[in-house]
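Shown next as structure tokens: one chain only, the form predicted alone.
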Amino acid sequence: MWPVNPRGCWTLFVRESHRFMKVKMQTIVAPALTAVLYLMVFHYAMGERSVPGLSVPYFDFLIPGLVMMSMLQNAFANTSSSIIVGKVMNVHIYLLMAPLSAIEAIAAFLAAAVLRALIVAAVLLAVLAPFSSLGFQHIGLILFYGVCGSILMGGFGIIGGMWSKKFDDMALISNFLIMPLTFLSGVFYSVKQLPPLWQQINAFNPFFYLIDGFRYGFIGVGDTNPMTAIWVVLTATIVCMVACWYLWLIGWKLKE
């Protein structure tokens, strides 16, 4: 179904894009600085080592993981912060009253989240790539996992923002769910280094497939088959988008 109010959808997308661009020191520059600090710390901690089981330089392994982690966190933050701020300030009702269908509103929010994630990724790669011999072996996989990951996390942000009643609720989701899942998804290490039990547990972490597939696009090796993981990621993304559309359609937690 195509949007019946494309101008309204575009206007909401522009608003969401301008919102994070106005504070680009926080939304774009800060993630780049954080990634550089990670790189410096691991440079002195790991030296010139290779990743066990993959035989690639650790920096080449680490940088795609840092980029994808930043993309996921920023996509989540973009949608969740917009909705929770609207609820706290009690202005979200105006968005519900706007002549926008559920699919138009969700499309605008997710498009802005993807834009922010891609900008952050471009900045991080520009800053971090000179420190490694990173290549672009499978650009299609890089774009697929990057965009799907951003949509998935943007969708989680929408659902989290709708569920939360205050900033503490959103901090609970971010600190005790999103952050652990991203840090434990193989950003800093290969899951092949884990005991067999933890490898099986990690197989249920959707962020693991996103980061591993994204990394495979750069260095051509990974812990899983990225072609198989495509179906897992694509299914999760579609389910999340449908869930966001339905919850927005019924006004879940927004009309209370």
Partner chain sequence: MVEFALQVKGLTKSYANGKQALKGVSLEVPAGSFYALLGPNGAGKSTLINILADIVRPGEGSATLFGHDLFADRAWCKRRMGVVPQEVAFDPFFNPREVLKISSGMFGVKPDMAWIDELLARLELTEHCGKNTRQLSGGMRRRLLVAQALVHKPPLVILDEPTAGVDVELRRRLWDFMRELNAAGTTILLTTHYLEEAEELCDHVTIVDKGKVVADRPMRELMREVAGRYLWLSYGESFVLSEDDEVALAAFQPRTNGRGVSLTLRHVEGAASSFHAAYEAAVTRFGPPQDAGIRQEDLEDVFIRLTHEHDEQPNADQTKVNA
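Here the structure is a predicted model, which means the values were calculated and not measured. Residue numbers count along the first chain shown, from 1.
Another form, the form predicted together with the partner chain, is not on view; read the next lines as being about it.
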| L172, A102, V123, V85 - the one with a heavy atom within 4.5 Å of the partner chain in the model of the complex | V85
| query | Here the chain is shown alone; which of F136, F183, F176, Y94 has a heavy atom within 4.5 Å of the partner chain in the model of the complex? | reply | Y94
| Of these, 152 to 160, 94 to 102, 69 to 77, 128 to 136, which stretch puts a heavy atom within 4.5 angstroms of the partner chain in the model of the complex? | 94 to 102
| said: Within 4.5 Å, heavy atoms only: does R15 come near the partner chain in the model of the complex? | reply: yes
| task | Mark K24 yes when one of its heavy atoms lies within 4.5 Å of a heavy atom of the partner chain in the model of the complex, and no otherwise. | result | no
